[in-house]
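The chain that follows stands alone, in the form predicted on its own, written as structure tokens.
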Amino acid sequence: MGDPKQTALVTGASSGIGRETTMRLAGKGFQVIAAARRMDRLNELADQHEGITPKQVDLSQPDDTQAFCDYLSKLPQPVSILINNAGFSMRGTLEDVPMEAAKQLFEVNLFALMGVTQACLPGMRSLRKGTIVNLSSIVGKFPFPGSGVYAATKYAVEGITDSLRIDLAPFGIRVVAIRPGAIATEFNEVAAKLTGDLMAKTDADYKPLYQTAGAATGKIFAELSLPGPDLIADLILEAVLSDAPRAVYSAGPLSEEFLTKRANLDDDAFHRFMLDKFDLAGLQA
């Protein structure tokens, strides 16, 4: 599948996993459209590596996303490698996440992904080949405490990905989900900034939950050495270049432990595992 004449598209290409993936694809000879909000970073990336076309788009804005999709649909060489990487998170229980913020999460993490994919599919079908890689997360299979709205977007990404994998198989289009664990990128910094000071704005009822789960999470992460985004970029490249990519790839700290438990335990048992893991089993708020 590593035909250097193919056009690849990477969303969220200005940093982290998207940036690393863009560089790897360009290094393999693909013509890469690097899409993101921060044009300065995209231009820097294109200046350093041949074969990269920077394209500014704000996927949180439906009109901007539609204009980008119109651009994609008119490309003389259709996109045959699509890496739906753009996404962000914020934390908080459902009561603490404003509905406008929740809608923004779904706009970027799900609806923009769907729109960009729709724009690329006619070209892939005409070629009777293509690869779509959707960045999910380990929380696409379960939520951590206080991550319900973000997890819901990734649950939805998993559903779309599973559906596309079936629907597009007759056309030779492969569809892959990537489930990163904890990775050292700007992702967590952005999530913390968007979340703000939860302890100051939440109702007193929720403070014991945040304090207890937060302390347990801190202990878990204190024992981890977080890998950089290259770990996931390597997986994406492996999937793109493979003649028979797996349906799902996962890597990174916490992924094996939690995904194995999620796969092997029934819903009630996994619920108890999560309560114990985050010291919430005996919490009475």
Ligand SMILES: NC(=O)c1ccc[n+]([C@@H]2O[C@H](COP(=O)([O-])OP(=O)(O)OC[C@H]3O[C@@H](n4cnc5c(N)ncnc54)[C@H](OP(=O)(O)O)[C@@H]3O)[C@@H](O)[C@H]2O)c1
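Bear in mind the structure is a predicted one, so any value in this text is a computation, not a measurement. Note that residue numbering follows the sequence shown and begins at 1.
What comes next is about the form predicted in complex with the named molecule, which does not appear here.
- With the partner omitted here, the stretch from 22-30, 238-246, 256-264, 36-44 that lies within 4.5 Å of the named molecule by heavy atoms in the predicted complex is 36-44.
- Contact annotation: residue 182 falls within 4.5 Å of the named molecule in the predicted complex, judged by heavy atom distances.
- The shortest heavy atom separation between residue 233 and the named molecule in the predicted complex exceeds 4.5 Å.
- Residue contact check for residue 116: none of its heavy atoms lie within 4.5 Å of the named molecule in the predicted complex.
- The named molecule is not shown here, and in the predicted complex it never comes within 4.5 Å of any heavy atom of residue 81.
- Along 83-100, residues 85, 86, 87, 88 each place a heavy atom within 4.5 Å of the named molecule in the predicted complex.
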